[in-house]
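Single chain ahead, written as structure tokens, the form predicted on its own.
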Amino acid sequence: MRYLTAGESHGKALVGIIEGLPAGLKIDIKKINDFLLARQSVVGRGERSHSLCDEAKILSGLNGSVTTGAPVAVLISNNGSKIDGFDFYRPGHVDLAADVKYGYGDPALGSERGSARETAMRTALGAIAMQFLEKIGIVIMAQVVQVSNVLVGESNDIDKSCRCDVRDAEKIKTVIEEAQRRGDTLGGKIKIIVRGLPVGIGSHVFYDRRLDYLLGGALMSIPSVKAVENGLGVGFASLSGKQVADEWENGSRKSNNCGGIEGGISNGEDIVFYLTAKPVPSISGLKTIDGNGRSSVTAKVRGDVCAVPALCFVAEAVSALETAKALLDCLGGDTMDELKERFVAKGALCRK
């Protein structure tokens, strides 16, 4: 399976293709659009996000609502394609690097493809992959565990607007609102879990088939993500081998410090990653240079106050795409019935 996206932040549309899905998968377009809407509706989003009203349209690859095995093409139109023109480079954004690399001659053009707007299409494609995975019992869940210096608990009872434990939602809203009043932005951290993957997905035989390589690289590619941890992550540095070993007792693991991946291969436990996102760099009043290299100061460009709650949706989507890819690479199957048989057989082999 493979996927591709195209489109700019203020272009006419975002487009995407996902190829390699088995035939016979029923796609619920409403679920895709509900997922896109939820991504736009969480706290911390900027004014443009609330005005876009994303709607995915599937252009090919379906017979009615069922996949045919052909590539599935998706379109999301942009409401309003006027670029916010500016003649300064935002520190921490792609403006300068892209302008120098591609010779745009315009700081604003450098951010068009580099904008997190691109993730709307990856979210739509990932929503399709999530429906595929759910058909065989694999679920993906992400939640906020930190915004700025506010740590929140992990829970199965998640507030929809903050994507965190309901008991901590007001704390998250408050710290984001305070940053907005100051004209500042905030970063944070999320946890993502892939549950239901059997032993043996991914491979240790070559680096680019390792499951942690596939998931880790894809998660790192999300704009603003600056650190990706698998399992215990940076916690491994301060502990001994005896302290972190995921020992067996009475036929099951006592811990999951490895985050469900050993040697690049799924081990049957939950796949666990933590993602740390930097604050969005669209801030006014920062010292910088303009397009001619002269000293300048940034002005406000539309952007999120805190993208961390929205990151949960993008991370779920990206994880779904890479998990589906790894699963299909391992099991194959031209139809959903064929894949389900192989998936069941794989699970049975793992239990022996």
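All residue numbers are counted from 1 along the displayed sequence. The structure displayed is predicted, hence computed values, not measured ones.
The same protein also exists as the form predicted in complex with another copy of the chain; that form is not shown, yet it is the one meant from here on.
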Distance check, residue 246 to another copy of the chain in the model of the complex, heavy atom within 4.5 Å: yes
Distance check, residue 137 to another copy of the chain in the model of the complex, heavy atom within 4.5 Å: no
is_contact(residue 43, another copy of the chain) in the model of the complex, heavy atom dist at most 4.5 Å: no
Exercise: residue 146 in contact with another copy of the chain in the model of the complex, heavy atom 4.5 Å: yes
Triplet 91, 209 and 240 all within 4.5 Å of another copy of the chain in the model of the complex via a heavy atom: yes
The unique member of 192, 265, 175, 108 whose heavy atoms fall within 4.5 Å of another copy of the chain in the model of the complex: 265
Option from 152 to 160, 165 to 173, 127 to 135, 274 to 282 whose residues, in the model of the complex, bring a heavy atom within 4.5 Å of another copy of the chain: 274 to 282
Neighbours of another copy of the chain in the model of the complex among 6 to 28 [non-hydrogen atom within 4.5 angstroms]: 6, 7, 8, 12, 13, 15, 16, 17, 19, 20, 23
